[in-house]
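Presented as structure tokens, the chain that follows is alone, the form predicted alone.
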């Protein structure tokens, strides 16, 4: 039982990271019907922006003086910077291609992700090599009846819940959220009702990229390492979670992230040599959903009149 509960905590940790990435994907798809495949690379961009910020704060002596407060400020700054990056992606890349076929726009986001990876690799010192990421999360652990609860794991789960609840509040209770839901249902009618379409889409890119930045630094801080090409894996896992839950469905992205995280952790634990093939099991689950439930767990079938 202790082993099972320990695996449960690990599964919740992995699910939290996947859910943060998946929520960003589902916002893009839900509002403008776009799978932004540079989203995973935005996660890694967040880690490579955080490292020089942390180094600069350390040289100034701020980290040792008031570590917790400074780290909180750095995280908020990083979220702001990745949000600005999301606005730039929309303005420079997406907006000029909105009228183009979605395949063209999708390929453009794939190219943007490649640009991010290569820019990090070339510009950052020794960018081709794995980089040691600073420890931003609390160290130590809590032992309850033989179950070890790391403070870093609990912090990641707690912050993910806060982010999801905050985003749900924005979507359900604010004018911005009403505008997002209106544009998602029918952009033309929403514009006729006075909703600023461009401002709404920019908000989606800012929020989605900010969540990606948060996911990136939480992932880097927990594992203690980051690399220029890790975004591909994070992006694929986040997109897979969104597909499992139902593309365009906010709650579905969370459900998909949780399910994908549990499949990986428990398959690695209970299947012989499962740790070597945990990615295989998670993608087999995605294939199964695409075959038997292509709309996802919470997705709805859309019938089109001919």
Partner chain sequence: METINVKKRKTQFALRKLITPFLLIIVVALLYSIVVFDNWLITLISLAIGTGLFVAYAKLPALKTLITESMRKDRILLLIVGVLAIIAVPLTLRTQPYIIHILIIAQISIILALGLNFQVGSTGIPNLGYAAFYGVGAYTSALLSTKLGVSFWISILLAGCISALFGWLVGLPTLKTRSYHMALVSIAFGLVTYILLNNIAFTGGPNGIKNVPPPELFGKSLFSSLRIFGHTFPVQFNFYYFVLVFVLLAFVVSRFIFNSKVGLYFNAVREDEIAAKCSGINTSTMKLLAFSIGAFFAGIAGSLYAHYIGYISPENFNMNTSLQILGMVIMGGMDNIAGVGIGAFILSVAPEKFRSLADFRMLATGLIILLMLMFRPSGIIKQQIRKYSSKYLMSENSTQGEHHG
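None of the values given here were measured: they were computed from a predicted structure. Numbering follows the first chain given and starts at 1.
If you look for the form predicted together with its partner chain, you will not find it shown, but the lines that follow are about it.
J.: Please run the contact check for residue 29 against its partner chain in the predicted complex: heavy atoms, 4.5 angstroms, yes or no?
T.: Output for residue 29 is yes: heavy atoms within 4.5 Å of its partner chain.
J.: Should residue 227 be counted as a contact of its partner chain in the predicted complex, where contact means heavy atoms within 4.5 Å?
T.: Contact check for residue 227: no, nothing within 4.5 Å of its partner chain in the predicted complex.
J.: Evaluate residue 214 for contact with its partner chain in the predicted complex, applying a 4.5 angstroms cut-off between non-hydrogen atoms, and reply yes or no.
T.: Residue 214 lies outside the contact set for its partner chain.
J.: Contact between residue 112 and its partner chain in the predicted complex at 4.5 Å, heavy atoms?
T.: Contact check for residue 112: yes, within 4.5 Å of its partner chain in the predicted complex.
J.: Within 4.5 Å of its partner chain in the predicted complex - does that hold for a heavy atom of every one of 92, 104 and 247?
T.: Per the other structure, all of 92, 104 and 247 touch its partner chain.
J.: Given a 4.5 Å cut-off on heavy atoms, tell me which of 214 to 222, 70 to 78, 113 to 121, 157 to 165 is the interface stretch with its partner chain in the predicted complex.
T.: Of the options given, it is 113 to 121.
J.: Among the candidate residues 54, 262, 48, 37, which is the single one with a non-hydrogen atom no more than 4.5 Å from its partner chain in the predicted complex?
T.: Only one option qualifies, and that one is 37.
J.: Is any part of 265 to 281 within 4.5 angstroms of its partner chain in the predicted complex by a non-hydrogen atom, and which residues would that be?
T.: 276, 277, 279, 280 sit within 4.5 Å of the partner.
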